[in-house]
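Okay, so here's just one chain, in structure tokens, the form predicted alone.
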Amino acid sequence: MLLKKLREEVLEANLELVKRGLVLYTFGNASGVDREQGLVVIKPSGVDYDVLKPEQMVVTDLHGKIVEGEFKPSSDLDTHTLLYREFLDIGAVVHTHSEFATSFAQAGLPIPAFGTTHADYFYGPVPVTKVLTDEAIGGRYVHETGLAIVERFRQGGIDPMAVPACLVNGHAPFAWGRNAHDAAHNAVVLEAVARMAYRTVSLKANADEVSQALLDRHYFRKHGAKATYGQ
């Protein structure tokens, strides 16, 4: 069985999404990449989380060609593989339809950086993509979804490791990280900050985002060469 350890890590990430209430039924998926071998491990499409096993994970190359697996890969595979090809520092991708982050995506709105909880994980607002054209939707839709994410980051000059998530307009969020555990963790935090942002604007529609000084203080205490948080 190829990539046994990575299969186990990807399975654990998928189950974490269920445990934290980010997915219903077979919604959502997680994947991981082995950069040395150029191979991706991803959840099979439509298989119930209750019965998922490491050997059921599907292995593909970075262009989505199946290398090993008896099941069809997640229908979002082309988005995952495109993100791996374009964002070279990421090691895993998670896609959910979590309630609050998806609400922002459906509204076509970014998630503002209202406070320090957000700043601990995302160095600025979580962006939202442009609306996909009818042509994109009718063509290679899943591939076009990935292109829209990459385009948003490139045009906005956003570092995908500093803001490890994006909302797909009218759809739902994608998150990523250095490994499968990290990506699932970021997806869980994304939903938490989306919930807080929703409640913030419910209380005060014109609430100000956190100051640059406070954003810097909280983000860089956890990230970068001078991080001080943790052991």
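Residues carry their position along the shown sequence, with the first being 1. Predicted model, so just to flag it, every value in this text is computed and none were measured.
Not pictured, yet referred to below: the form predicted in complex with a further copy of the same chain.
Within this chain, Phe87 is remote from the site of a further copy of the same chain in the predicted bound form, having no heavy atom within 4.5 Å.
In the predicted bound form, a further copy of the same chain lies within 4.5 Å of some heavy atom of Thr26. Although the partner is absent here, Phe122 is not a contact residue: none of its heavy atoms lies within 4.5 angstroms of a further copy of the same chain in the predicted bound form. Although the partner is absent here, Thr60 sits far enough away that none of its heavy atoms falls within 4.5 Å of a further copy of the same chain in the predicted bound form. Annotated contact segment (heavy atom within 4.5 Å of a further copy of the same chain in the predicted bound form): 194-202, selected among 194-202, 30-38, 60-68, 158-166. Contact check at 4.5 Å (heavy atoms) against a further copy of the same chain in the predicted bound form: all three of Ser75, Ala107 and Val188 pass. Contacts to a further copy of the same chain in the predicted bound form (heavy atom within 4.5 Å) from stretch 38-57: Pro44, Ser45, Gly46, Val47.
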